[in-house]
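Okay, here we've got a single chain as structure tokens, the form predicted on its own, with questions on binding and movement later.
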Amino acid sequence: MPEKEIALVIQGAPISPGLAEGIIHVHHSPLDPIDVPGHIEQTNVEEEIWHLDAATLRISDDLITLAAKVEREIDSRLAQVFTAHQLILLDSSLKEELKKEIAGNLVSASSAVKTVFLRWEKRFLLMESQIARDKGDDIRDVAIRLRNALAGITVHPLDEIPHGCVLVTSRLLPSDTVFLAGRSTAAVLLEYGSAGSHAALFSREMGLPCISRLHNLMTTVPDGALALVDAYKGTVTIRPHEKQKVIFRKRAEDKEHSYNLARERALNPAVTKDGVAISVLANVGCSDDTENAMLNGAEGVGLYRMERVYLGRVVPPSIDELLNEMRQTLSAAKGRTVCVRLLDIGADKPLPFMRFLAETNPSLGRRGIRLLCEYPELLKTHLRAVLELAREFDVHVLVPMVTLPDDVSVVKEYLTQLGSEMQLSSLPKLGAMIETPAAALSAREIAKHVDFLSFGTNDLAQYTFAADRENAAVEQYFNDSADAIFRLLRITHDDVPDVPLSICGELAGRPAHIPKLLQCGIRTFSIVPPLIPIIKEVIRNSLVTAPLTRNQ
């Protein structure tokens, strides 16, 4: 009798949860774009520059289309990735450097792209700012697009992967992940990729199970073998035995049944086992988000991101443009509370119509309210539009990147002044984002100027552990569910027990941590629309009176 094959179980880091089963497809396509080297004659310089300009224009149009597709089908926040790619592509200094490379070294446009983009990537890697260093994937993604356009390649490298497969590859660029949205891929296994990477964010929004940090994956995993992917635990079982398959499939069925039950009850209130009503709201960025949120049982909008209205513009939006955009986005939530976060932009996410001073570490520089205070007309235009919206909607205003009480008091002063000028009978409720340890520890003073506080746990973890969540090199330090984070939440609650507390970071969408968040005094959760039914169901099975342990 032939010897029975031994199942192989490998362990990685889950970056997008889910259970999946499928046949492994090992994708060996290199990350670097096709090499089209070549020297040219002096007489061909203008022709190569023309090819470069034509390819740039074509890719720019493609990126606009891709951003619109992502906004429509996945998430408006993630569409900003490709808006940023377009800004990289159209950067005037980059274009000038490419043309000098062609004319000065008499090389083809494709060779110039390879040389110059590699040079730019190295510049980012050498910068002090970790955020700047982590732009490497974006630079590489744009370079591949541009070189393939110059070579006349229109087929995406992942175009030939089988439907329903478990894709095994070294790493995914942002455009790769979006491409998988229409391929019914069962799951993705990666050698590299952090939980905060663009690939991870896209995968979570698409509901695509994904595991990374599977070392030596490309050389150890057999192509064509059956795999059971548990992207909750980060395990992959290859060539499973029959008993393993039966257990896995039963677990998948149970998960599906639980989700269907949650969907059936989604429109019911979320009341804990000990009778405490909890508000479950939605994070949105476009009208589709809001519509899906209402269908999934959201009681309102807890975080409306405005950044996409500003990105990619050569002039800032007017009051009317902002108002029309907000009306359209929030129309499905009319009659419910909608919380508009003020523009959260900074030196790491520049706006084309604003000139920024260079900052060695943008994440520790001018972001959110810090930047808005330096550009008061930008802030006042934003606030006027929000106040106009408040004539029609139950609006709350959320101030991002609060560190000091003055950060919110200045917004309150502007709201009072503008509200008087506009003859409003009442002003929207004002809230502060708690995204730094300083803000959490200053809650008593900050609360004197606001009506509520909202925790942004993504940034709170980043600043607590001094670890950028996009940086795989320090990802072991980034832990938004560590005891330190819950202690900051609890300290805030204990310092201001009568101030309403909400949470809108990714931690709010993880079922395992909901009971602990409830015990920390959180009474409002704002999450992405697809997770609303699940989180409401978890709340219904939780207690808020259970005492915290010493370690909590």
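Quick caveat, the model's predicted, so the values are computed rather than measured. The first residue of the sequence shown is number 1, and the count goes up from there.
Another form exists, predicted in complex with a small molecule; not displayed. Remarks below refer to it.
Between the options 114, 213, 366, 305, the residue in contact with the small molecule in the predicted bound form by a heavy atom within 4.5 angstroms is 305. For the residues 504, 488, 517, 63, the 4.5 Å heavy atom test against the small molecule in the predicted bound form is passed only by 504. Within 4.5 Å of some heavy atom of the small molecule in the predicted bound form lies at least one heavy atom of residue 433. Contact between residue 456 and the small molecule in the predicted bound form is found at the 4.5 Å heavy atom cutoff. Contact annotation for residue 147: none of its heavy atoms lies within 4.5 Å of the small molecule in the predicted bound form. The small molecule is not shown here, and in the predicted bound form it never comes within 4.5 Å of any heavy atom of residue 299. In plain terms, the part of the chain that comes close to the small molecule in the predicted bound form, with a heavy atom within 4.5 Å, is 457-465 out of 379-387, 457-465, 247-255, 91-99.
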